[in-house]
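Below sits a lone chain in structure tokens, taken as the form predicted alone.
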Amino acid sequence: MTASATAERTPAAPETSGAARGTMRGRTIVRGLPLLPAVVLLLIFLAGPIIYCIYYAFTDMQLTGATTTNFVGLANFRKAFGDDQFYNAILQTLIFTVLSAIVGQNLLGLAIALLFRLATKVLRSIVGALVIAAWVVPEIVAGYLMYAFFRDEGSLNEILKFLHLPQQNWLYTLPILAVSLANVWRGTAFSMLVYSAALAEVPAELTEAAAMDGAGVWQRFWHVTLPTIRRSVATNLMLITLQTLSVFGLIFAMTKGGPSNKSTTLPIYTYQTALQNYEIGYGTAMALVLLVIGALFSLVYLRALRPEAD
């Protein structure tokens, strides 16, 4: 009797399992419906323009003067990689990104966040407000402020004159350094906020145990604090690198890429090519190269975020 009942029930099991899977699939679809508007917006405003730009990069589209647009294959990319100004723009972009983001904003933001843990509440509030104030200033306004600071008759040379130190025209002799320092001033607040939040999550018992074992301040930072906040470091580096690669208004307001292309980064050169020389197709091809550079930086940082690296 029991064996017979079991034999009768056994074939029904796959039907029950299939029904359960169908129910779960239906629930998954229902739960995903609220995300549908966001997905549609991303497709329209993010994926759509990117696909459109990829198409234009393979054409000879002109802003004015041409009645037709023709497919030219890789001609724009061959022209770019045979253009000395294009290589100069890549070099200036990498110098600007390394100086202002990877070294400047990242290390200064970490240093300020570490010092905040030792400072009084009043001092933290004052310094934090000053740093964040530079971050909330619009990019073009920050550019004009930094132009007034670094120009030949600007505030920096007045300070150096008061200290009896040599002065120079920073925007003419060292333009890429001037715009890099300006970007450090403007963007350090973001790194400071990221690292302040990360340092607050470091377990106190770990640093106390390391101190009891005789570890100094530097050893505690290097062997305890830094490994604990490793993911925050990688995330911060990825975000500030991508943001810095696309900086345009700050550099354009301070130097317009000059003098003699000494501060012409890829966004500046792309603007000059596409909108001043009217070569939309060629300019779009260079913008795609900038997109690839950002993707390469992202891959490096995502590698550091992988769980296998723990």
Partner chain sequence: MRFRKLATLALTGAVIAPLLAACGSSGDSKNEIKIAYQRSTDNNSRIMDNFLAGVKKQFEKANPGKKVNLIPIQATENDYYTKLDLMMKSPRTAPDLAYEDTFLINSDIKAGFLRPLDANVKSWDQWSQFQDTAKASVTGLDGKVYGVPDGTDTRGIWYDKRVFAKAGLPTNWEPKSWNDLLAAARQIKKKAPGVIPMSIYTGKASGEASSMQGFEMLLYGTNDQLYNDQQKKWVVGSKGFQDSMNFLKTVYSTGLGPKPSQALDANISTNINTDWFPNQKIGFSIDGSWTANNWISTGPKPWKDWTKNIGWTAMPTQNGQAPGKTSMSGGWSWAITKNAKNPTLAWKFITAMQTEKNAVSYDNASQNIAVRKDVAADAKYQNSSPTVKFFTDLVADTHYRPAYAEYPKVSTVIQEQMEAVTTGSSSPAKASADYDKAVADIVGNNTTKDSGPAK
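The structure presented is a predicted model; accordingly, all values stated were derived computationally and were not measured. Numbering follows the first chain given and starts at 1.
The same protein also has a form predicted together with the partner chain, omitted here; what follows describes it.
Colleague: Mark Y172 yes when one of its heavy atoms lies within 4.5 Å of a heavy atom of the partner chain in the predicted complex, and no otherwise.
Modeller: So Y172 counts as contacting the partner chain.
Colleague: Evaluate M61 for contact with the partner chain in the predicted complex, applying a 4.5 angstroms cut-off between non-hydrogen atoms, and reply yes or no.
Modeller: Within the cut-off, so yes.
Colleague: Please check if R151 has a heavy atom lying within 4.5 Å of any heavy atom of the partner chain in the predicted complex.
Modeller: So R151 counts as contacting the partner chain.
Colleague: Tell me, yes or no, whether S246 is in contact with the partner chain in the predicted complex, where a contact means a heavy atom of each within 4.5 Å.
Modeller: Although the partner chain is absent here, S246 would stay clear of it in the predicted complex, with no heavy atoms inside 4.5 Å.
Colleague: Please tell me which of S125, Q219, Q85, Q168 lies within 4.5 Å of the partner chain in the predicted complex, judged by heavy atoms.
Modeller: Going through each option in turn, the one that passes is Q85.
Colleague: Given a 4.5 Å distance limit between heavy atoms, list every residue of 254-279 close to the partner chain in the predicted complex, or none if there are none.
Modeller: In sequence order, K256, P259, S260, N261, Y271, Q272, L275, Q276, N277, Y278, E279 come within 4.5 Å of the partner.
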